[in-house]
Structures are given as C-alpha cells and as structure tokens.
Ligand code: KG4
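This document starts with one chain, in the form predicted alone, laid out as structure tokens.
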C-alpha cells in the first residue's frame, strides 16, 4: 500500500526483485519477504565457459537482450499484474558497471511507468537475506544459444527439508536466524564476516586482503585444468580425491581477516613440484602433466584447506562475539557441500538460492521497508561498482 509516496506495511506485500550485478539476469516476485512466487534466472555460464571467466562487455549485452522477457516471465509465473506489485527492488551495488546499469535502468523505468516505490539494494545484503526465504517455486531458465530470448527448462521445487512452508505465519520466526548473528558472505568477489545486531544493520568484522575464496576456487580450477565455474568443478573432482594427500598452508592474517592469494600460489607450487617442472613453467601447461588421480587429490586437498580456513575464522568470531544467537552463511560458495557439512549449526540458503537471483533482492528490500528505509528516487538512482555494505 502506498500513501504519499511511502510504502506502508501490509500482509501479502509483493515485491519484484531484479538482479544483474554480474552474469545472471534475474527477476522474482516475493511475498512478505519470505514466500517466493516466482524466481526466473537466465545464466550466462554457457557463454563464459568458453573464455574461462566473465567478460563484462559481453555480460552487459546479454543482460540487455533478455531483461524484459525475464521480468515478464517472473510476473507471469507469479500470476501477478502490475496492480498487485507493491514495490520494485534492484541491485545497485557492487558489481560490473555495465551489468548494474542494465538492471537499474530497467527498474527505474518500470518504477516510473507503473508508479511503484523503488528500493536500491546492496548485493551482499541480498545474499544474506536469501536465508529468510522459504522457496516454494524456483523457475530456472537458460540461454538458448540460437536465440536472444530465454528458453524455459521447466520449474522445480526448492526442497527445504521439513515442511516450513506449511507453518502458520506466527511460528515462521522460530525457523529463521535470530539476532544478533554472524554472517559469512562468500562468493567469487567477496569474503567477509558481518556482525548483525538486527535487521538491516551490518558491521564488517572480517574481510579478505586480496582474493575472495570463490576467486581462489576459480584460479585453482584453471591450474588443474578444470572447467569454469571453478567452485562446482573443484567440488566434483574432490569427491574422488584424498583430502590429506597434499598439505597446504593456512595464510597468517591478523584478527578475522582472510587472504587466499597465498593459498592459490601454494597450490601452483605444489603442482609444479608434483609433476617435476620448474616454477617458471606456465600454469596453463600443468593440466597436460597431471593424472586424473592427481587432479582429484589436489582438488580435495585445496577444498579442505579453504573450508578449514573459513571455519577457523568463524570459530574465532564466535569467541569474540559470545552474544550471537545464529550463524548465517551466504553467497555462491555457500553451495559447497564440504562447507555445509563442516557447519551443521549454521543457516544456509537453499542451494538453488546460493547464487545470484532476484528473490534475495526482493527479500532484502522487504526488510529494508520494515526497518523504515525510504524509497529511492528513480530519477536519481546511481550505481556503485565498488562500495562497502556499510
């Protein structure tokens, strides 16, 4: 409900979330910050597998081609007209400049055309709030390489274990993270520990000095000759590997901060030593000298080391913040099974919601609204490729 330009709380509040910070074009409709009515994602992974990473200019053009069809499908799948949408939320920071522009220009235009309040959301905040979503619907679409429009793969339900979606509204809070909490946000571009005393309150208490953990997974995958994206490829290879085969170092970083550049280099040197070549041997030639067993063992050893580093820092954070009631893990790397097995007490989003998606943007905006955040002027909204969550 909108009164004098301000969105007031009402049950069954439906928010359209738009996400284009990197290489996923996504839109979703979420009700009351919890229930996913639709969640459409067009991934560009198939395009960038050929290059081994994201090319910003190509990503932006790909967003432009499918943005409006994705929004239309999100509304159609949710069974919503524009009259039923209470607000629009969009990722405005951080991310790739061109990609952010496509999403924000779309959201700004739609907000003006349909007279809807607009909320600009920080990408990391969205990842955290994926843990509040109860996923009834996950519509997954992929790019048809012969067409500029998305092609549906069909829809699949996000399995959440117990029947949380059937619980009465007044008991749902018992199954969501409680404050104060610690949030570990881990992805290809970010590795941070956040302290949250309440909704929409973020304090960075640990961050990476160089590579993010997801970036480290990608670089190690390249060394081992595994495909992009590196996270899933390393995890798959590690299944048949010996995690104790190669001893890799834990970088010494003060306090709760991280450093993963040294770990990547340690893997490189260990591989060069294993195959008997000098350190001057280019990393892209090593895959030709590795056996499948060696690749699996290196993948398992690296994954265990990276997971152990993350868990150790969280244990340190828990000691420094003894008042916390919940531990939340978010971001693309939160899909890693080895990490999930190592943190049985933590909240994780459904695996299908670990990556970039529009539902998490809508959920974050909902809690901004409940925290009293005012809408953004659609005529003045800017983007910030690099900006802190606080």
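Keep in mind that what you see is a predicted model, and the values were worked out from it rather than measured. Residue numbers count along the first chain shown, from 1.
Quick note: we don't show the form predicted together with this ligand, though the next part is all about it.
message = Quick check on residue 358: any heavy atom within 4.5 Å of this ligand in the predicted complex?
response = No, residue 358 sits far enough from this ligand in the predicted complex that none of its heavy atoms falls within 4.5 Å.
query = Is residue 37 a contact residue for this ligand in the predicted complex, using a 4.5 Å heavy atom cut-off?
reply = Residue 37: no contact with this ligand in the predicted complex.
query = How about residue 297: is it within 4.5 Å of this ligand in the predicted complex, going by heavy atoms?
reply = Result no; residue 297 lies far from this ligand in the predicted complex.
ask   = Contact between residue 232 and this ligand in the predicted complex at 4.5 Å, heavy atoms?
value = Judged by the heavy-atom cut-off of 4.5 Å, residue 232 is in contact with this ligand in the predicted complex.
query = Counting only non-hydrogen atoms, which stretch in 59-67, 331-339, 317-325, 25-33 is within 4.5 Å of this ligand in the predicted complex?
reply = Going through the listed ranges, the match is 331-339.
task = Taking 4.5 Å between heavy atoms as the contact cutoff, choose which of 117, 262, 225, 189 touches this ligand in the predicted complex.
result = The residue in contact is 189.
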